[in-house]
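Coming up is one lone chain in C-alpha cells, specifically the form predicted alone.
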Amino acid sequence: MSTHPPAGIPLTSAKSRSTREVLRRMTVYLRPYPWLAVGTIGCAVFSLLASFAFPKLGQFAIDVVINGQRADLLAPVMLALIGALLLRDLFNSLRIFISNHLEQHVIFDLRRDVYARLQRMPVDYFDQRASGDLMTRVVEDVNSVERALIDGTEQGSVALLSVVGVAVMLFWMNPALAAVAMLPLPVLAGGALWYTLTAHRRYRRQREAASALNTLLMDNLQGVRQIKAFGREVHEDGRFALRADALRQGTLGIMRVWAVYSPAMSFAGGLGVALLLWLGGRLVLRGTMPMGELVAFLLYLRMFYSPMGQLHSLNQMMQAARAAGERVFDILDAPVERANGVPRLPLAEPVRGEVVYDNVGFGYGAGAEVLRNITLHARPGEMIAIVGPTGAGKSTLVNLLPAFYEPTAGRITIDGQDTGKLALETLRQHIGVVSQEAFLFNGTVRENILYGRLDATKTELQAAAQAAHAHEFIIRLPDGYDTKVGERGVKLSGGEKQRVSIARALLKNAPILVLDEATASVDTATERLIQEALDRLLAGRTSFVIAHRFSTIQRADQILVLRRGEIVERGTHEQLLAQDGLYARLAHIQNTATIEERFESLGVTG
C-alpha cells in the first residue's frame, strides 16, 4: 500500500481567505489577456443593449402600430425587433467564443503555476499531504476558481449594469410603478447577505470531502494487489462508502440550503411582478396607462429580476470558488525549496566527488532528532557503505546529500563547496540516485531510461541499457524500447524494473551516486546480473551505498555502522573485524539474508 493517510486521518486544511482576496489574486491571471477580457465584457454589454430595445419596440408595436391601425409600420417595426434579437444573439455567440478562449488560457496558466509550485516544494511538504488531495486541488479546485473569475467578472458586471440600467428606465417610465417593483429588494439583499456569510463553511466541508474521497481512491487503485492479496475488498468497500457518504452529506448540505434560498429569492422577485401587474392592470383598466406601456414595463421588470437571480447564482459560485481558492493558494503560497533568498552558486566543474559531512545533525521536527554528530569524509571515487538496524537513520543520511532534506546542524560539502549554498539544479545534476524500490513512470521503457538524460542519442540509450543488463530483456518485449511499462512499471518484474533504473542512472553519468542496494529482494540469477550492472555504475564514482547484504559492503572503502542516528563504528571490512565490535558480531552470524535481520537477531534496534 502507499503511504497516504488512512481513512481516519484528516487532510491538511487550507488557510482561510476572503472571497475578495481570492478574486483579487486571481485577476493577475487576466493581465496577459486584456483584449480577451475586454472583448468578453464588451460583447456582453452590446448584447444587453440590444435586449433593451426589445421592450420599447414591443410597446411601440402595441400602442402605435396595432392600436393605431398603422399597417404600414408593422413590417418595419417587426424587422427592427428581429434585428434587435439578432444583434443580441450574435453578440452573445461572440461572447461565448471569446470567453471560452479566455477561460482555457486562465485555467492553463493557473494549473501550470500550481503544478510548477508543487514540483519545487521540499520533500517534507509531500510527507504531510495526500497525493489524492493535491490532485483534487490541481484539477477540480483550479476549475472552480477560474469559473468564479471569468463568469463572475463577466456575468457579474453585466448583471449589475442590467439592474442599474433597467432601474433607471423603469423610474423614467413610471416612478410610482417602479417604486412598487422595488419593494422586494430588501428581501433579496438580505437573503444574499445571509447566504454569503453562511455558505463558506458548507463549501469548505464539501471540497475537503471530495479531496478525502480522491485520496482514498488513488490509494486503493495503487494498492489493489495488496487489497486482493489480503482479501480486503469488503473492508475497502466500507471505507469508500464512508468517504463517499461524507461527500454526499457535504453536497446535500449545500443543496438543502440552496433549495430554500433560490426559490425564496425567486418568489420575492415574482412578488414584485405580481404587485406591478396588480397596480398596472388597474391603471390600464382606468385608461390612464396604455397597454403597450404596461407590457414594456413588465418586459423591463423581467430584465431587472433575471440578473438579480443571476447575481444569486453567482454568489453561490463565489462561495464555492472561495473554498477552492483557499486550497489552490495554499499551494501557491507554500515556500519552495531554499526560499530564504540566499544567493545560490553552481557546483564548480569538473566535479571530483569529494564529499564531507561535518558534524551534521537532522531532525524532522521538535524533539524528533534523527541524526547526530555525523562526520565522514568520502574521497573521490570511494565507496561508502552504510549499515544499521531499521530506523537508524540510513536513508535520512543519504537524503541530505541531494538536499531532499536540509541539515539542522553542521554542513555538507562537495569538493569544498557547501551544498547549502549551491543551486539545487546544479547540485542534483551531479548526483545519481538508485533506490531499492525502483520507480518507473507510466510510459515506455525508452522514456524511462531517457529520464536520466533527455538529449541522449539512441546509441547512448542502448549502451546504457546493455551496461545495465537490460537490453536483452527489453528487445524481447512486445514493442521493444517502446513497450508501455504500466503504472509504476507494473508490467515488468522487480529485477527488470531495477535494471531499467540502473540504465537510467548510467545514462545520467553523475560523478556521485546514492544507492539503496538494489539486490535485496531478487532471485540469485537476477542478483548476479544487477550486481554486474552496479559494478559498472559504481566504477570511478563516489558512492554512498545503503547495504543490506555483506557481499556488497566487503569491498567498500569505508563502512559506517549507524545506530540511533550516530556513527558507532567506521573502517574497512577487515578493520572492523579486527575491532571485534558490533560489526564483527554481525559478520559472524550465519543463515540470515540481510544485515537488518542480523541486527534483529542481536536485539539491536535503531
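In this text, residue numbers run from 1 along the sequence as written. The structure presented is a predicted model; accordingly, all values stated were derived computationally and were not measured.
Only in words, not in the display: the form predicted in complex with a small molecule, which the text now covers.
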Discussion item. Can you pick out, from Asn442, Gln436, Asn92, Thr408, the residue that has a heavy atom within 4.5 Å of the small molecule in the model of the complex?
Written reply: Gln436
Discussion item. Just to confirm, with a 4.5 Å cut-off on non-hydrogen atoms, which of Ala321, Val166, Ala465, Ala392 contacts the small molecule in the model of the complex?
Written reply: Ala392
Worksheet entry | Proximity of Tyr364 to the small molecule in the model of the complex, heavy atoms at 4.5 Å | yes
Worksheet item: Heavy atoms within 4.5 Å of the small molecule in the model of the complex: does Gln531 have any?
Response: no
Worksheet item: At the 4.5 Å heavy atom threshold, is Val370 in contact with the small molecule in the model of the complex?
Response: yes
Fill in: Asp333: touches the small molecule in the model of the complex, heavy atom cutoff 4.5 angstroms
no
Worksheet item: What stretch, of 276-284, 101-109, 384-392, 497-505, brings heavy atoms to within 4.5 Å of the small molecule in the model of the complex?
Response: 384-392
